[in-house]
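First comes one chain, alone, set out as structure tokens in the form predicted on its own.
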Amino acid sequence: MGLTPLGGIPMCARSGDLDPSVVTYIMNQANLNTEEVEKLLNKQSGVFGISGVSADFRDIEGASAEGNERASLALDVYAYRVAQFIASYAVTLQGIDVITFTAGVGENQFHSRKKICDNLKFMGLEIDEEKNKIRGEEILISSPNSKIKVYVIPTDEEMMIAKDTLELIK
């Protein structure tokens, strides 16, 4: 993310990075004011805006499986943009040792993980398709031949919030 949550990859309902002139173009074409375009970019864009289905990846994956082309496009755009960000970090870090998928999509959507990893095959990344389908446990999903290790690590955000809250009130 950048200054606001709009920066970066397209999220559930947020646009992600875009050409700055898109904002004024949308405002002029749809006759929107600043509040309306801000709502559009924050609440009606991202995979929801592309798919036209939902901001929930489970719904989008279901629609894609039923042949909804916009839902499939939303999943492809998301995976491509995540892979682009990972590749850009590889340049900054001069390589990648490990990729970790966690929370929401990273932990639960094995199709999205596969698409992201498939976009990174050029870096020597390979996943074990069967291990990638396992849910709810910490697991190494990269194949033994992969040059990059790929893990799925479940989160417990509620426990972390409780621990942080307890620490604050002490």
Partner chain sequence: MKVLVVNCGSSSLKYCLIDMENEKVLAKGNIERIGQYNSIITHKINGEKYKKERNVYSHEEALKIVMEELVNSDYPAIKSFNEIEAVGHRVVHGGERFKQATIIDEDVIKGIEDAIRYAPLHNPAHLQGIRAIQKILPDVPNVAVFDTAFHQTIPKEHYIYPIPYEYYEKYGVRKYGAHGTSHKYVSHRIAEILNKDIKDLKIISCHLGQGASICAIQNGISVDTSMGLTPLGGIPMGSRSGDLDPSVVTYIMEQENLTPREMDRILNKKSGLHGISGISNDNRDILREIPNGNERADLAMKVYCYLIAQYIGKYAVTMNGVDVITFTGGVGEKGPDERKMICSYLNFMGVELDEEKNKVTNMEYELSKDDSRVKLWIVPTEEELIIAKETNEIINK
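Positions refer to the first chain, counted from 1. Predicted model, so just to flag it, every value in this text is computed and none were measured.
If you look for the form predicted together with the partner chain, you will not find it shown, but the lines that follow are about it.
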Between the partner chain and Val105, Ala162 and Thr165, in the model of the complex, does every residue show a non-hydrogen atom at 4.5 Å or closer? no
Heavy atoms within 4.5 Å of the partner chain in the model of the complex: does Ile153 have any? no
Might Ala63 be said to contact the partner chain in the model of the complex, defining contact as any heavy atom within 4.5 Å? no
State yes or no: in the model of the complex, is some non-hydrogen atom of Val91 no more than 4.5 angstroms from a non-hydrogen atom of the partner chain? yes
4.5 Å heavy atom contact, Ile99 and the partner chain in the model of the complex: no
Could you list which residues of 36-51 come within 4.5 Å of the partner chain in the model of the complex, counting heavy atoms only? Val37, Glu38, Leu40, Leu41, Gln44, Ser45, Gly46, Gly49, Ile50
